[in-house]
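Here are two versions of the same chain, shown separately as structure tokens and labelled structure 1 and structure 2.
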Structure 1
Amino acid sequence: MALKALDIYKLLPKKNCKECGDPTCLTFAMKLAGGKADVDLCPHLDEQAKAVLGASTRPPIRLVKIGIGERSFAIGEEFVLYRHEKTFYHPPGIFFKVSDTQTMEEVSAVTKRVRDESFIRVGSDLRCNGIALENSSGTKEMFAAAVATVEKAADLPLVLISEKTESLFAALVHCGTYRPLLHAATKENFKEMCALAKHHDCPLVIKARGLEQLAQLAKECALEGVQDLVMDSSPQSLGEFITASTAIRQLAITRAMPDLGYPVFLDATGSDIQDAAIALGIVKYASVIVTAPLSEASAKAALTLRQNIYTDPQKPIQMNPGLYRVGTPGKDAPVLMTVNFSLTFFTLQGYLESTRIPCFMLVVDTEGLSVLTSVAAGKLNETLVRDALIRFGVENEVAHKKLIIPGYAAPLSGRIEEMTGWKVLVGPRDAAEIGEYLEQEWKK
């Protein structure tokens, strides 16, 4: 049962020392009660108080960081079962799996692909996250050599997969300070794996079949001093994965089984329908997804799905309002008004670039709504357009006063002309037709 803020406050030292990052102990207690802080942030909390607070005050799913540097990322710290309740915060990491039995050239090629390959969608660079290296050879020498090859090729987060602690020890000689994710601690080897993870400050995957077994293993690893855990339920099918991952999320966020409050691991390479496994992992709570190297088309599909699922459904991706240039427009260039819904912006921008006609895009603030929706909701109106023309100094950029508005905003054309003094031209409803429209209708 989660504790209330006042109950937590009674257990705090009440020093108001600010060392936790909050101005008072009461503020810190309120954050703890809301699952937005960790008890470890208080340096003056005694062990007895920590034991009482424990998992009832930390975020229901622990935040775990993988890697160091620019490509590092965080997983976990989720608060809801369904994204429409609030949002999902930390997208799953997608790792391409390679083996130490492959040639070093093959290992290096996959690593460089993950390092360099990115896709741009609605203004964001979409990338896979890292390399999962498996100790298929069973020898520590080959495993260490493969890790050295990956490290030489790129600075990427790693998942090190081996049943042998001696192989992991040899691999960590090359990357132990970069926080790779170690896979995996089991009932049989967890003490040795915890010692290794603790020594190198690495997150650790725990692996067991059955939720009770996972919870018990998590508790035992925590007692060994390893808090950054990721859970592998070792599913034998996609159906088993969905059942286990859903139960873990539900039991964690309701705190019915707080020992399950950790991110979830999925190895999709064991599925004969890998693309489907990745998709299910993204939408059903996997935080680390290991896959064989994907085709370009499959990678784009997975990254697009991940971006969609981890975009706040209550806050559409928005562009900053302003005057944007396409090419190098001059004083006679057309000015096209659009909204700050990012998908609308980048779709129109793409078609404008393909026309090779230099122009201006006047982006007005409709709070991220599309043209049709913003017109219907009254978010797009003549006052907004007038204010944008003035604010962004459009008259100083062009020698004319002609404004092209989207076809769906046609009902506003008269009112915009009356309020702004600009001549309004109604463009096409479909952005794909903008090139033909400019060729035929724009008068220089």
Structure 2
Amino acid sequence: MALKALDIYKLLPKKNCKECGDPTCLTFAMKLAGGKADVDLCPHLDEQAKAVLGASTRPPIRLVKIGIGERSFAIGEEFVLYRHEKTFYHPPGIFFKVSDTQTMEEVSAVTKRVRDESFIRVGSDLRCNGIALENSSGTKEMFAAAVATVEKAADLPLVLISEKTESLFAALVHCGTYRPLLHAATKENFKEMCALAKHHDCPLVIKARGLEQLAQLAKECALEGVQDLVMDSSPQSLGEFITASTAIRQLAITRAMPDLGYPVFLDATGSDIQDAAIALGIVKYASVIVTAPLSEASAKAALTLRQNIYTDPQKPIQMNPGLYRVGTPGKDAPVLMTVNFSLTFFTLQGYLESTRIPCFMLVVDTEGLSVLTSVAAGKLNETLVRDALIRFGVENEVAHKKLIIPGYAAPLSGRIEEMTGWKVLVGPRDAAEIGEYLEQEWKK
């Protein structure tokens, strides 16, 4: 459990000497509690306090980087079991699996898909992350050749899947400096695997059935000098995965079993419904997900889910700005402007639906603030409204230029009219009155 500011304050020297950069020990304690400062900034801490504070601020799950260059990414360094307690920080990498028994063309085509396909949602580019190459042939030559093919097509993070160290060794000749993730060290082969990983400074997946076995293996690999580990509990069903993954996360963040403090690996191709495994991996703590190349539909849904789960749930609930339809509005339907605070949006939408007057809702981006606060804070202003009108092409949707604004935004009406050239009608303050308003004001 995270320490409260006051608990931390009690451990501080209470000198208020400002050397940490904060005006008082109390404000420093507040920052520490919020994870916004480093314990070391206070030079006057005694050893015991340092030990207590250090332990509680060090991430319980190790940060592991995969790949190098533009598409490289990091996983791990998570702090919570439920995202509502803070947030999840490092989204899982999704890797399309290819095999060294496939043709070069096939391998290369999949690689190019991952390289090129992207999908833009709310301003960010959503992409799958890399290629997982399986040594199905069992030969090191074919494996090495396939790696070469992948490398030729793109600089993507890789997972190299083989139980044979000599195959991996051969593959690493081609990509050893690019930090591929090696899969997998087991109880039997971990010494050689560790040697390989260490030599190329690559992250390594460890694989075992059972958490105690995994923890044991992690400890042994760490002794061999490899700490960038990822854990594969090789689940036999979705049920096994969720149980194991939850247990690992819980035991790691509570530091009950610190040896489980590594990101989790999931091979979704093992499941008979791959989509289910991916969805589950995303919500339940997987950090590397290997899947057969996904259809467009599955990829979009999976990436959207991943984006959703890895947004900060504590930010005010926002709607995406845009032009929303209520019913099937025609060219003469009213356009109502509102803010992107979701409660405002949903309330208004609810009332609008019950009026049964088809209309448009123009949702502008007030960063999730309500009408009242966004007007007060100056976030809601005429430029924002103008930009939204243009950006969402409202003029093409309706044959009039009348905009209904919320009652609380009344002070802006003049300026909006000036800037947009639209006629502004001031609606009611309370969404509950919108029906009546539309009946009386719009209809006439």
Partner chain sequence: MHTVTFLPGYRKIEVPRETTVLDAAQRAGLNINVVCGGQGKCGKCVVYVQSGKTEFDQQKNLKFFTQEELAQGACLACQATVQGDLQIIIPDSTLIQEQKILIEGLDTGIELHPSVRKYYVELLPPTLSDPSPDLSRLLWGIQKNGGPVAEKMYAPLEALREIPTLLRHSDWKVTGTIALVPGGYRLVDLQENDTSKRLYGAAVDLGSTTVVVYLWDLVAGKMVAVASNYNKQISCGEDILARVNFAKKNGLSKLQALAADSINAALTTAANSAGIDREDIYEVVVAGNTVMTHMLLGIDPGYMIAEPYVPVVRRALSVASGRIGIACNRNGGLFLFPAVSDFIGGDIIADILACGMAEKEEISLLIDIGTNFEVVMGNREWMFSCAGAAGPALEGGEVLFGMRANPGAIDKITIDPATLDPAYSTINGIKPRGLTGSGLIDLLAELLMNCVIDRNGRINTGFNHPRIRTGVHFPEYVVVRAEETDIGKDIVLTENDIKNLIMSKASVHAACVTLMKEAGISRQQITTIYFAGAFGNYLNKMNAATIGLIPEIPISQIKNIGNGAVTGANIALINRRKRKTLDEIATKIAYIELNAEPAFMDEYTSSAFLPHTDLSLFPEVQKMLDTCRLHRG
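Since we're looking at a predicted model, the values are computed, not measured. Take the two forms, superpose them, and find the largest set of C-alpha atoms that agree within 1.5 Å; that set is the rigid core. Reference numbering: structure 1, starting with residue 1.
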Properly assigned, the form predicted on its own goes with structure 1
Is Phe241 among the residues whose Cα moves by 2 Å or more between the two structures after superposition of the rigid core? no
- request: Determine, after fitting the two forms on their core, whether Pro43 shows a C-alpha shift of 2 Å or more between the two structures.
  value: yes
Notebook entry, point to check: Hey, does Phe88 budge by 2 Å or more at the Cα between the two structures once the core is superposed?
Noted result: no
Students should find the CA displacement of Val424 between the two structures, rigid core aligned, in Å, to be 2.3
When only the core is superposed, Glu397 shows a C-alpha shift between the two structures in angstrom of 22.9
